[in-house]
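Below sits a lone chain in structure tokens, taken as the form predicted alone.
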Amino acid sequence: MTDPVFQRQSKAIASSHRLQILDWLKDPRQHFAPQIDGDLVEDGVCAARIEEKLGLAQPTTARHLSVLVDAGLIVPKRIKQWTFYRRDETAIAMFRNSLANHL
């Protein structure tokens, strides 16, 4: 039987929008302008910035981010009234290894 975490992660990357978010967060300084609050790398990228870049409605962007958080691929951090997101590189590496073992 397949690991439930692996299943959630597999479903999370099944969306081109979520893959795009993961790609942008790989090198946030390349894809996002500096923020007033929060370091792009250490704290993550503000959800509003991700929403703006995706060009999707706030609820849709929030859902994509929630799926990635639930899969453990990104980590949220609250700063003031904003939520910032960064990749969980350890979880992503573990998912890659698990994926290689399933193929």
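Quick note: we count residues from 1 along the sequence shown, nothing fancier. Fair warning: this is a prediction, and the values are worked out from it, not measured in the lab.
The same protein also exists as the form predicted in complex with another copy of the chain; that form is not shown, yet it is the one meant from here on.
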- Message: Check for me: heavy atom within 4.5 Å of another copy of the chain in the predicted complex, for each of 66, 69 and 83, yes or no.
- Response: no
- May I ask you to state whether residue 99 is within 4.5 Å of another copy of the chain in the predicted complex, using heavy atom distances? yes
- Touches another copy of the chain in the predicted complex: residue 78 (any heavy atom, 4.5 Å): no
- Message: Just checking whether residue 29 would be counted as a contact of another copy of the chain in the predicted complex - the rule being heavy atoms within 4.5 angstroms.
- Response: no
- Task: Indicate whether residue 90 is a 4.5 Å heavy atom neighbour of another copy of the chain in the predicted complex.
- Result: no
- Item | Heavy atom within 4.5 Å of another copy of the chain in the predicted complex - qualifying residues of 20-44 | 20, 22, 26
